[in-house]
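As structure tokens, one chain now follows by itself in the form predicted on its own.
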Amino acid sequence: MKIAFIGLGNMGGGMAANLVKAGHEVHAFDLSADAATRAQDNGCTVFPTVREAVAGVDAVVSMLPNGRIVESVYTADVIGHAPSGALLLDCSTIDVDTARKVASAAEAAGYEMVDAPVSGGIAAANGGTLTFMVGGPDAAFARAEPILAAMGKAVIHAGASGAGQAAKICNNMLLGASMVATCETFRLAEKLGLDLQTFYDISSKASGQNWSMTSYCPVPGVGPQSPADNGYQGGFASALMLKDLRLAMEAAQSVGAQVPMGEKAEALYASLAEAGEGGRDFSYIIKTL
């Protein structure tokens, strides 16, 4: 299958490479010359413009920074330039309203489209073990599933257009809040004189167990290897967590939902970003507590 991949950053680069490994012909585009070169080294064919990349393909996959860019790329350079039968898959994390707006524009032009944001981070993108939360019609999901499966370990249909983004926003609000609580707990355990490895051994097998503790421990040398063991480098940047939490706050406000824990997590990550640490992994929040 010929697949255009638009957006070859930390996540998109690994995802495009996995499509090549799965036997697809990948036509790639990114504004960054370095990202384009890496994609070419991974077997992609690089094009100088989005319109040239999407010409003649069977599907278009995008991984872009925000909703404004997603809307601009699709309305200006994908819709009407990719073949009318091409499937459109946006894997960016954006607001629900923009996802639905772009999907409506695509469908009005005769395309099938899904929103398919991901969970798993850079390591999962490189390793092909992402989880995809997919919004869109049943027929579009059926076409998208094998493409997404080449880049992930789980592909889950969340519902109609925009449902993938809704699931991602809710998931990451829970992740951000639980990471803050996990960090608070380790700091409290430390101040109470508990050995942190011993506390981990207890809590990881008790009712306090959660993913932020047992799969992504914010304490160096405790639990499986995580960004905490690498100076809080790599993983999922605090700035990206802040972006997702802000999307969650906007979504909550739009439907009148009360999310006090999410609000507090958003405020803490905003302070971390203001301190110039937005590039650190989001578990670095432990250093502020």
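Because the structure is predicted, anything quoted here is derived from the model rather than measured. In this text, residue numbers run from 1 along the sequence as written.
There is another form of this protein, the form predicted together with nicotinamide-adenine-dinucleotide, and it is not shown here; the text below is about that form.
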Item to check | Which of 178-186, 89-97, 143-151, 199-207 lines the interface with nicotinamide-adenine-dinucleotide in the predicted bound form (heavy atom within 4.5 Å) | outcome: 89-97
Checklist entry - Would nicotinamide-adenine-dinucleotide be touched by all three of Ile6, Val118 and Lys243 in the predicted bound form, meaning a heavy atom each within 4.5 Å? => result yes
Item to check | The unique member of Leu64, Ala228, Ala251, Val57 whose heavy atoms fall within 4.5 Å of nicotinamide-adenine-dinucleotide in the predicted bound form | outcome: Leu64
Checklist entry - Would Leu194 show up as a contact with nicotinamide-adenine-dinucleotide in the predicted bound form if we use heavy atoms at 4.5 Å? => result no
Next on the checklist: Can you work out whether Gly12 and nicotinamide-adenine-dinucleotide are in contact in the predicted bound form, taking contact to mean some heavy atom pair no more than 4.5 Å apart?
Outcome noted: yes
Item to check | Any non-hydrogen atom of Gln233 within 4.5 angstroms of nicotinamide-adenine-dinucleotide in the predicted bound form | outcome: no
Checklist entry - Is there a heavy atom of Val255 lying 4.5 Å or less from a heavy atom of nicotinamide-adenine-dinucleotide in the predicted bound form? => result no
Next on the checklist: Suppose contact means any heavy atom within 4.5 Å; which members of 29-48 contact nicotinamide-adenine-dinucleotide in the predicted bound form?
Outcome noted: Phe29, Asp30, Leu31, Ser32, Ala35
